[in-house]
Structure formats: structure tokens, C-alpha cells
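Here we start with a single chain on its own, the form predicted alone, put down as C-alpha cells.
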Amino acid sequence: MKNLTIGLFGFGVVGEGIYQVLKDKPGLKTTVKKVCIRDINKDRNAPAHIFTDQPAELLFDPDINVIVELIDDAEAALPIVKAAMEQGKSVVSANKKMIAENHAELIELQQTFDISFLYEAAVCGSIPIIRNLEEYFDNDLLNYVCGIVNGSTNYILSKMQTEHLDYQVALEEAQKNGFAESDPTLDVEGIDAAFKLSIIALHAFGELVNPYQIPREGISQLQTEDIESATALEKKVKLIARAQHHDGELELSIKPELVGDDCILSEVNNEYNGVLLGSSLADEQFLYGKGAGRYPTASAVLSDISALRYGYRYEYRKFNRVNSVPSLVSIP
């Protein structure tokens, strides 16, 4: 078990939370040495000397052995993560877009420089789905993974169903409560779910998938009448991400589906996520937890940081070829 010295990129609600937890729990033997931010003149709830606007101060500091990347901009995050790996530093990230768009390259860098690259927080918030797929289901044959992987859209649909709000009012309430961005396109059009599903597909089935090739349909076109029709059928509308093997092919989709009381996903409401794992040996497993908000994300990031103390890394054992990265598969 080793001590960790962290260079932290981003000091928003999650980044500050991570800093405070590590500061208040010295028993974790993990410290944040430096934090890189955009506005160096902004007052922060931490000593001024730990902040910088120069990424190199973190990336090339030999004392820092872990980079925690918590910035929103995927394009800006990628060179940071790559440079950290090239310097032999392990990386923890929550940036699902950056990971999904560059997964093959990032895996190759991890293998080349023999470091850990963990990103549990990028998929389903507080639900430990990636580690379960990597470890518990490593030697089991999965038939499907499906579920609710976007807390923002689930919150909107829940409000439309339980409080009979129309789509726009429900969206505005989600934005007010911090469950949806001012520009909600990534969430409501299913793009965010596609990023997560492509990551899940790698760990569940060993296949790299281009997230932009996943057939998807969002919820922005749903009307109150659609929700009422579902209610009349004693069903609920849920945005379902689905990956399953069919006739030897991996099929993926993101779309609203009618879910009845006979499926546990019908009880997953508001900002919560729920994922079903269909296994040849263990039948069906269900994972449930908060998928949106600062605390679920912080919980997953802290879990990854803790795992690094024991040298944990994803081994991607489901890849068919050893010591190589497969090409992106096309969606049938």
C-alpha cells in the first residue's frame, strides 16, 4: 500500500470536495499537492499556494504520482491525461466524453507506460459498475447490460410521470436542481448515455465501440400525451441504454422504452440510475444508485483514488488479443 501525492485539475464542487475529504482524513495517506485552475485570482476555500494555472507544474512534478482530472472540457482534458501517462503518473478521470472518444489510444498509453487509468465516476455516478464488470463478471458470460444510465433524463421523465409536468417545465426543474446543464443537449438527446454505453460495452464484452455509431433516440420529442398513454397501459417511459449479444453480434441502442411493473427499472426514479446485468451463469443482477450530483461523483472518484493505493488497474481481460488494442467495431 503506497502513499499518493495528487495533482488535481479542476476545483469545482467535486474537486473541492475531494480536496477537503483527503485533507480531513490523513489516515488515507493521500495528499493534494497542487491544483490547476483557469482563474488563479478567484478566491478558493483552500490555501492560495496550492493553486496554479500552469499544467506543467503538476505534470512534471516528480513528487506527484497521481493526476485527478475533473474538468468539463473533453478537448482540454485529453492532452492533460496523455501527458500525465507519458510521465508515468496514474490517472483518475470522470470525463466520459474524453474517454469514450479516445478509449483505444488511452488504453494503449496505459499499457505502454505501465500505469493505472481509472474512471468509475465517468459511468453511472455512485454505482460501481465498471469494477463489477472487470472483476466479478470477468469469467462469466454476459448476455446483456441494460438500464438507466443518465440521471438527468430520468429525473425529467419521473417528473412528467408523477407530477404530470410537461417536458419543458420538467427540464427547467432539472436545471434548477442541478441535474441538467443550461444546454441539456448531451443529456436529452441520449449522447451522454451513448458515451457511457460505449465504455460499458468495453468492460462487459471486450469491444471498443464508437459512441457516435450507437443508434440513439432522446426524450426531447416526448409529449405529455405519450406519458399519459404509457400510464394507461400501466407502464412507465424510461430512457434505456442497451447492449446485448444477438446471433453473435453486439447490438447497442439508446431509446425511450415502455417499462412495466414486472421490471425493476420501473422503480428507478428521479436522478437515480439502475443497471441490469444478464448473465449465463448468475441470471440477472441489479445495480442501483444515484447517477447525478456532486456527492455520487465524488464518491466514485474517491473509490478510484483509494484503489490506486493498492496498485489497482483495469486489465481489460475480455479483449481477444493479448497486449494489443482492438480496432473500433462497427455497429450492425
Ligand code: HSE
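This one's a predicted model, so the numbers in the text were calculated from it and none came from an experiment. Residue positions are given as counts along the sequence shown, with the first one as 1.
What comes next is about the form predicted together with the ligand, which does not appear here.
Proximity to the ligand in the predicted complex holds for all of 151, 181 and 187, with the criterion being a heavy atom within 4.5 Å. The stretch that touches the ligand in the predicted complex, counting heavy atoms within 4.5 Å, is 173 to 181, out of 84 to 92, 173 to 181, 106 to 114, 243 to 251. Though the partner is left out of this view, residue 96 does reach within 4.5 Å of the ligand in the predicted complex, counting heavy atoms only. Put simply, residue 192 is close to the ligand in the predicted complex: some heavy atom of it is within 4.5 Å. In the predicted complex, at least one heavy atom of residue 196 sits within 4.5 Å of a heavy atom of the ligand.
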